[in-house]
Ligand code: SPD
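The chain that follows stands alone, in the form predicted alone, written as structure tokens.
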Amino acid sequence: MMKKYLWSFALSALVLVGCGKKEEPPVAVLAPAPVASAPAAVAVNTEEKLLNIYNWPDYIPEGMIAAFEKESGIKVNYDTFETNEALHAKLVAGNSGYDIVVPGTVFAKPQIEGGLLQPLDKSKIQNLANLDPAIMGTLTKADPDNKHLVPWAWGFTTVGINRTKVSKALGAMPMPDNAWDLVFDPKYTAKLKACGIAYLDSPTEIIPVALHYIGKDAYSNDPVDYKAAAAMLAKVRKDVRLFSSTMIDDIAGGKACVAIGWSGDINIAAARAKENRSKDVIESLLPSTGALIFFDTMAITKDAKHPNNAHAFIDFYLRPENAALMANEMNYPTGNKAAVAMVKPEIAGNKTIFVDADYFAKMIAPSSFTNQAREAMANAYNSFKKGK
């Protein structure tokens, strides 16, 4: 059933339309919607005019926070984290101080089960109706009945390259059919280490793709599989230059010519390289065996001090024009069905953002891990990173 949902969403992505040439987003795009869709919570809210948000870096269009503040009168404190592990640790410790957090669904499921996130008051989020039913159906795997999570954006973990530097480093060796070979096969990594190989510094990003590469379940709960993944990774450890928490800068700045990264970040790095008039061509690849799809979601913390303000921001973000701005400026697909007609043609037509239905069907959907599997994963990753 989940594949059916994903496939139907992929098809909807293929018919995106838009108009006009690429422009920097004016604040006017974020002007208040008609009164009928404006968040009622703001008008009757008696909370302190404050909202604390904890999100991933480089993951919100410029001007969006300022537009919300101007409209609502709510001051936003916006902090960022680098990994799902960092966010999870803060929530488990308690008293995080945040109202809205943006976990990936792999972590959101245990956070919901552990009582770390509170149910949404859907009466305060009128724009929930704009969301794609296929995406919401997929999210029920982590959040039954869609009680806690609202999609922020989605994408996939894949291989990104600076094609100019990779071609030079490989010389006469042709590119592999499967892009994962570039980061996992010693035959390729031995050549590419000279221009830099970077891995995301996160066990839940690296170990699942390693498992997938060796033919195991990417979200395996068998500790034996993690030992097999660690054995494969050990063969290329000497060739890895960076364990990165600043992947966009590392790729755009030339520290790495090949990387395991998030599709949107790789595309952002490509855009930055063009802005800097670099002659290097940066690309997000589509491995022949599939990439690992992910969904990042907004949620309200259990101990949020400003839940009404949090609902108001979620409703604001779900307006079609704001969701489209996210896709247009941040290079990540939106789960907002009402926004797709506003996505620019160059974004809608980029097959590494809105992938074709056939490739979408190859993607590995997220699942969750048992505590035993998480421990095995952490051990495998730490051993790999330390080179032991």
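All residue numbers refer to positions in the sequence shown, first residue = 1. Everything numeric here is computed off the predicted structure, so don't read it as measured data.
The next section is about a form of this same protein that is not shown, the form predicted together with this ligand.
Undergrad: Does at least one non-hydrogen atom of Ser220 fall within 4.5 angstroms of this ligand in the predicted complex?
TA: No, Ser220 is distant from the partner.
Undergrad: Just checking whether Asp356 would be counted as a contact of this ligand in the predicted complex - the rule being heavy atoms within 4.5 angstroms.
TA: Asp356: no contact with this ligand in the predicted complex.
Undergrad: Find out whether any non-hydrogen atom of Pro57 is located within 4.5 angstroms of this ligand in the predicted complex, and reply yes or no.
TA: Result yes; Pro57 sits at the interface with this ligand in the predicted complex.
Undergrad: Counting only non-hydrogen atoms and a 4.5 angstroms cut-off, does Asp296 reach this ligand in the predicted complex?
TA: Heavy-atom contact with this ligand at 4.5 Å: present for Asp296.
Undergrad: From the candidate stretches 333-341, 348-356, 62-70, 49-57, select the single one in contact with this ligand in the predicted complex, where contact means a heavy atom within 4.5 Å.
TA: Looking at the partner contacts, the answer comes out as 49-57.
Undergrad: Out of Phe313, Tyr98, Trp262, Tyr199, which one falls within 4.5 Å of this ligand in the predicted complex, going by heavy atoms?
TA: Exactly one listed residue reaches within 4.5 Å, namely Trp262.
Undergrad: Thr301, Thr138, Asn162, Asn84: which sits within 4.5 Å of this ligand in the predicted complex by any heavy atom?
TA: That would be Asn84.
Undergrad: Would you mind checking 172-211 for residues with a heavy atom within 4.5 Å of this ligand in the predicted complex?
TA: Only Glu205 sits within 4.5 Å of the partner.
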